[in-house]
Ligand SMILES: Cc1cc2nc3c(=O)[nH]c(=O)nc-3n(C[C@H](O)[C@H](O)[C@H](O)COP(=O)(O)OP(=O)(O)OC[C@H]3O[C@@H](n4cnc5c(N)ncnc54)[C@H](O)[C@@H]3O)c2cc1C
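Single chain ahead, written as structure tokens, the form predicted alone.
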């Protein structure tokens, strides 16, 4: 058996959280050995851009999260295309799928999530795909290229972010798409009813058929084993040659199932991104971290939170005590040309919350408050000043004295008392505002931090 490798810092995961941690560590420790392991064979790339790859063949070089020489420049051993299979947190070791063993001093689990795939009949047929990573986009692209001679129709199972994202990409390639969503409306976890209806109307104008309140019960096939259609739970049949499973993702926690690391829905971490096991940290989609709106640990699987959580974990791994201020659900969308921003709560859970809203033509602004604090927001159409509202929410600023101004058509910094905007909104880093710009712009901000 080959001799075990040793490293001071081991990072499992090569996306936003893992890269954030690596950069933070190198700010403090320039010489400590560091290893990043990823089951994908690519250098760090932006997963949100896989829809651009599918829509317009965006090359990998234009999807990279960091330059191609990132690992060499930061003295990082990158083990790509290999899966970490076995963790022994007591012995500080992991085993890879090629048999290699790595002994680590401090470990970060940034393993992300895996697609939820229902156990329905025919789900394993040719022409059935998921859509969470670059290889998924490549597989769909290859399928479409192979079937150029005939009209391809697609069914997307799930009307959340993944489903709407892949739908837009496929419509740009002139594929007829039907979305089947089991709940009564699209994007139901991140939008309120009014904005969800607006999104649905926008998609329909873009040529998308939408079926809500139903599920796919079966995927049918021809004799050659390729998908030929789906059957819904009410017996309806939809002919199609391609099915995209976009129900959502779940935290990738199997890796720690035989350890003492505490897991709820995701890996539990404290305000320093530390797990229940000494020297083991977690961040990103796999971690349940502090949500400043709800005041408790929750899953918030979004790119900016993963990066910031990774940085906090990295500093702590390098023995610089750093507290995670907390994140919350936040999304910036522009599907089929409609700008939408949402953050925190999008629907008040009970009557103790106050909702203020205003509509100006095609623009709508909604803010949810409790005890003078902003608990959530949904802006559509006009999102230019949504970053100000988000920062007020993030910084837990009491806004009761000027709350109606938050949804005014001419709202801006001048709408706030000077003692509010000067200390809270003159922020040297734009990282905190990544929720209110496009994902690609967010990555550019992070890259230039």
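Numbering follows the first chain given and starts at 1. Remember, it's a predicted structure, so these values are computed and weren't measured experimentally.
We do not show the form predicted in complex with this ligand, though everything after this point is about it.
By the criterion of a heavy atom within 4.5 Å, residue 113 is counted among the residues contacting this ligand in the predicted complex.
Though the partner is left out of this view, residue 179 does not reach within 4.5 Å of this ligand in the predicted complex, counting heavy atoms only. Contact check for residue 106: no non-hydrogen atom falls within 4.5 Å of this ligand in the predicted complex. By the criterion of a heavy atom within 4.5 Å, residue 165 is counted among the residues contacting this ligand in the predicted complex. Each of 82, 131 and 283 is positioned with at least one heavy atom within 4.5 Å of this ligand in the predicted complex. Only one of 227-235, 257-265, 340-348, 82-90 places residue heavy atoms within 4.5 angstroms of this ligand in the predicted complex, namely 82-90. 331 is the sole member of 331, 195, 277, 316 with a non-hydrogen atom lying within 4.5 angstroms of this ligand in the predicted complex. Of the residues given (302, 243, 293, 367), 302 alone sits with a heavy atom within 4.5 Å of this ligand in the predicted complex. Although this ligand is not shown here, in the predicted complex the stretch 47-70 places heavy atoms of 47, 48, 50, 51 within 4.5 Å of it, in sequence order.
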